[in-house]
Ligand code: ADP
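Take a look at this single chain in structure tokens; it is the form predicted alone.
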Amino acid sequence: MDLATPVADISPLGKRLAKKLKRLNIETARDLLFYFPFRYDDFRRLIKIGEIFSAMPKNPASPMEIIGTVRGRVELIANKRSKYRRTNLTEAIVADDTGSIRVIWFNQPWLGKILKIGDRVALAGKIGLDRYGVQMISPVYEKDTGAAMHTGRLVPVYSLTQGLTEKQLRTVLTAARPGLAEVNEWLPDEVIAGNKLMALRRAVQLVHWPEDEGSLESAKRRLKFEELFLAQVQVAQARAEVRSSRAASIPFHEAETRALVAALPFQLTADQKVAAWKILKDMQSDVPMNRLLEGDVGSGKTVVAALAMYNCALHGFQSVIMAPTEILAEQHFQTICRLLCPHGVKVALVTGSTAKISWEVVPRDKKADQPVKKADRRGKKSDKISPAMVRQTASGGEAQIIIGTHALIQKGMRFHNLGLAVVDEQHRFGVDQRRGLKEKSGHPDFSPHFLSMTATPIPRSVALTLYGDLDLTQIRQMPLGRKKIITKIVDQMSRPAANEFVRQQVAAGRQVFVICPLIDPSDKLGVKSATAEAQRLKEDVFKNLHVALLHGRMKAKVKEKIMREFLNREHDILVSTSVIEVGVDVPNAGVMIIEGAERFGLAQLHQFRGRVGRSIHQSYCLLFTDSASPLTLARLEIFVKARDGFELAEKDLQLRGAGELFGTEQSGLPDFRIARLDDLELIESAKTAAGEIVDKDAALEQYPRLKEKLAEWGRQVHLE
């Protein structure tokens, strides 16, 4: 048997389970051996039955139970049906040379055929004490042959699929154990020695068949390190590629920038000034800027980006802003026009359905986005502005700032002298997008400076792992004068009062968001769905108000239409799923209601809350939960009191993990099998080691096994 052996050829049980294992992406012996446990049951404590009573906790407040393994002989075993619960019971008496113990299994009648009187067995799990004596309820069992697999050791526990049991998976894994002989090292020797790592073959063996806690932790450290190391090599290569590129040096026009800042109708925060200075300093270099600007919703990231784009325009360079949706692109257009058109900057907008141009220097008290004309998608002669016209102004150099969606990088779009690319709420430009913009920039030998912006707070460990090729800048201060959003947990008894409060807010001219965890009802989860809640509010609670529904399964055009209508105050209440999390600015929205608040992470709740509080009016965030769990309520209280999204993101990473923080579909999030993104010390070590290797040989020509492993890992991340 080798690592490529199909699971169906490993053993008869493997053949029987092949289809089920495939659902876990396990098809070969290699897949089995590299399918790691997520926890361990410690059944190493071997207890004589006669010693159980004396081993019980002496503290009356403690449960009268211990965890361990009992070995003995089956004295009696029988099936019977419980007349109270209508369940099948399998009862057994197991004895050793010191006493006997009663054992009960529920709804496993086949045990009466598997275990016979006289069989020697090992039983592992909780051993309890009640008025009838010592007993074990539903213990793990196996026939005692001397080679423990499911009892008497640190027993690995794996994620499963329907119809597959832990015992089956461990049995097939044991059959694949000879494949360990083919597990070869791929980490460079200097990395293994420098970080005191266990050999890979030994680590894989111990993670499935641990000898003790110390060796298990060493094995897990090795396997975690190599996953983090691969991610860091990718990051280091990306950074090396950027550093090897050339960009145009864009000087800082200090006098003009100071005049622009002085003319703003608001005062920049200290964080905005620091962020702007770092960006402007980066752009003076001939090495392309590659910076990620983080800040809560409403913290003023767009203004900082505008200062950078203004300096580009002053020096004869174009800038682009790419937004994820048409509405957000239009809002950026309006904001940039208000800020920069009075200072002579020419701004254009192009999306899949809209094109606009703002050429004129207009007074601040007039609309800066004139003329606003819809696109002529038919291409016929008319006085309307078409996407083709915007493309022409971009390629000819007339437009100094071009704002849009992915239409900016599609075929037919070219620029005259592109110096800066800004991407909003997508965290990064991919390699292909970066190269595409370089080719369209008008100077194929130069790469534009890149600035990514996000309102998603990113913990430091995640930033090092996923965005280590980006220089990170945070805006943690909110604009001066911004009112604190009043946040409260509302119990079910107070729901009528909350409904009346909503009516009062709408009567005062405000609008309301209602967030639900699901799109459609689910009996299993028992939480509110957006569709059912929208119908209930529309038909029963707020009959005289306009209620709209928004969710992720709607077509993009439908979502854009509903959001635009809400923005234009055509709806009083918008019921939505988390699709609203990263969205447009609705200054008139004053109330955020979150149903099933316990279903969301702290950072996600913070994103929702950031959708209100964008104007001079007092705003509110109301959390509804059906949970009475003290832990749940304590977690929500953390959110109620906290105002810093970055602190909440760090807490969320500890409580829920990166998958919950970013969402399972988050682009660029590696599917780590064993590594955790809250292990900052290990991430730092992996980053240092990867940087040293890439600095020595960025193409990894001296490290062919590492290069091959990196390509294999990259394909897996892409596919998953």
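Residue numbers run from 1 along the displayed sequence. Predicted model, so just to flag it, every value in this text is computed and none were measured.
Quick note: we don't show the form predicted in complex with the ligand, though the next part is all about it.
For the ligand in the predicted bound form, the listed stretch (149-157, 301-309, 196-204, 507-515) containing residues with heavy atoms inside 4.5 Å is 301-309.
Just one of Thr625, Thr90, Gln334, Thr269 comes within 4.5 Å of the ligand in the predicted bound form, counting any heavy atom, and that one is Thr269. Of the residues Arg482, His416, His406, His253, just one reaches the ligand in the predicted bound form with a heavy atom at 4.5 Å or closer; this is Arg482. Under a 4.5 angstroms non-hydrogen atom cutoff, the ligand in the predicted bound form has Asp296 among its neighbouring residues. At a distance threshold of 4.5 angstroms between non-hydrogen atoms, His343 is out of contact with the ligand in the predicted bound form.
At the 4.5 Å threshold, heavy atoms of Lys278 stay clear of the ligand in the predicted bound form, well away from it. Interface membership of Arg460, defined by any non-hydrogen atom within 4.5 Å of the ligand in the predicted bound form, is ruled out.
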